[in-house]
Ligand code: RIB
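A single chain, nothing else alongside it, follows as structure tokens in the form predicted on its own.
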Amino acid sequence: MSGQPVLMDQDGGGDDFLAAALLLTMDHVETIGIVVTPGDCYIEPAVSVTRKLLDLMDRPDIPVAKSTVRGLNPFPGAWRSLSFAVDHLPVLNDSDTIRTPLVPESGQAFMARVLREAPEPVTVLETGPLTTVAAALEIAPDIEGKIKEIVWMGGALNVPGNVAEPGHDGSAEWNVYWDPFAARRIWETSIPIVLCPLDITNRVPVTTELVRQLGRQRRYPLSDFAAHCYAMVVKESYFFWDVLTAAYVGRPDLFTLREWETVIVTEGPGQGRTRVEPGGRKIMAMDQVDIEAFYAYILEQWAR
């Protein structure tokens, strides 16, 4: 392979699409596929956006697969509806046809097959829940040894979560809460995990100034796409969740990591919490990032 092989699994939120757009600009990475998990999206428009984005980037050689897994706790419908709006952005709709193929097998079967066939260990970039990865491991347990590491946007270690549901204590992050049992399944493996938790994403907001800078670069299709996606959400408290996670794959030098021992809570009012607990599963978490260098990096990568 020409670079580090990366298999991406994303769940169709606006930030997920932009994480994919960042990943595909990385010269040292070979993206071997993108799976769409029906988490923070409605699956059909999310798959459509993913395929159109690959067309926009002239990468119809990268296969897209639709996962058929289901989570325990659905994302809010208002959040999931953003996938419909993004699918209608003009920059994605210059053509009436989509060149990028949708593979006939399920996303979890595709993931199991691609990992099994990979000639070297693969980095899994995960910007949604871990359900599809867990399902792929059920299909082919031997692929555990084919995963170099999972780089995951998930969890809240020492800050409050972002789940505000009746009966919940607010300690969980949504990608874990959607399916805490899948997260616990991955925690039971020996696969190295690099976590991008709310602890660090809370410090990296999407700012009005950054959206304006992207707008000034709108002659570049990716900047135009990113500017429109972020313009729809910048009025809210929106952060670089998935894009920051993807940036670690391209520029790990911008980050410092810290080891934690953790457990996944699967029951009770803290369901989905990623709890720091001595003796728990060891993971690495992104602890610090050079924020200004990160902003400069994404502006540069999307100016093409």
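Note that the structure is a prediction, hence the values are computed from the model and not measured. So that there is no doubt, residue numbering starts at 1 and follows the sequence shown.
Quick note: we don't show the form predicted together with this ligand, though the next part is all about it.
**Student:** Report yes if any heavy atom of A136 sits within 4.5 Å of a heavy atom of this ligand in the predicted complex; otherwise report no.
**Tutor:** Close contact is absent here: in the predicted complex, A136 is far from this ligand, nothing within 4.5 Å, heavy atoms only.
**Student:** Applying a 4.5 Å heavy atom distance criterion, does D16 contact this ligand in the predicted complex?
**Tutor:** Because a heavy atom of D16 falls inside 4.5 Å of this ligand in the predicted complex, the answer is yes.
**Student:** For E173, is any heavy atom within 4.5 Å of this ligand in the predicted complex, or not?
**Tutor:** Within the cut-off, so yes.
**Student:** If we define contact as a non-hydrogen atom of the residue within 4.5 angstroms of the partner, is M153 a contact of this ligand in the predicted complex?
**Tutor:** M153: yes, in contact with this ligand in the predicted complex.
**Student:** For a quick test of understanding: in the predicted complex, does each of D40, F75 and W241 have a heavy atom within 4.5 Å of this ligand?
**Tutor:** Result yes, every residue of the spot touches this ligand.
**Student:** Only one of S106, N162, Q213, T100 has a non-hydrogen atom within 4.5 angstroms of this ligand in the predicted complex; which is it?
**Tutor:** None of the other options qualify; the answer is N162.
**Student:** Tell me, please, which stretch of 256 to 264, 241 to 249, 64 to 72, 22 to 30 lies within 4.5 angstroms of this ligand in the predicted complex when heavy atoms are compared?
**Tutor:** Contact-bearing stretch, as computed: 241 to 249.
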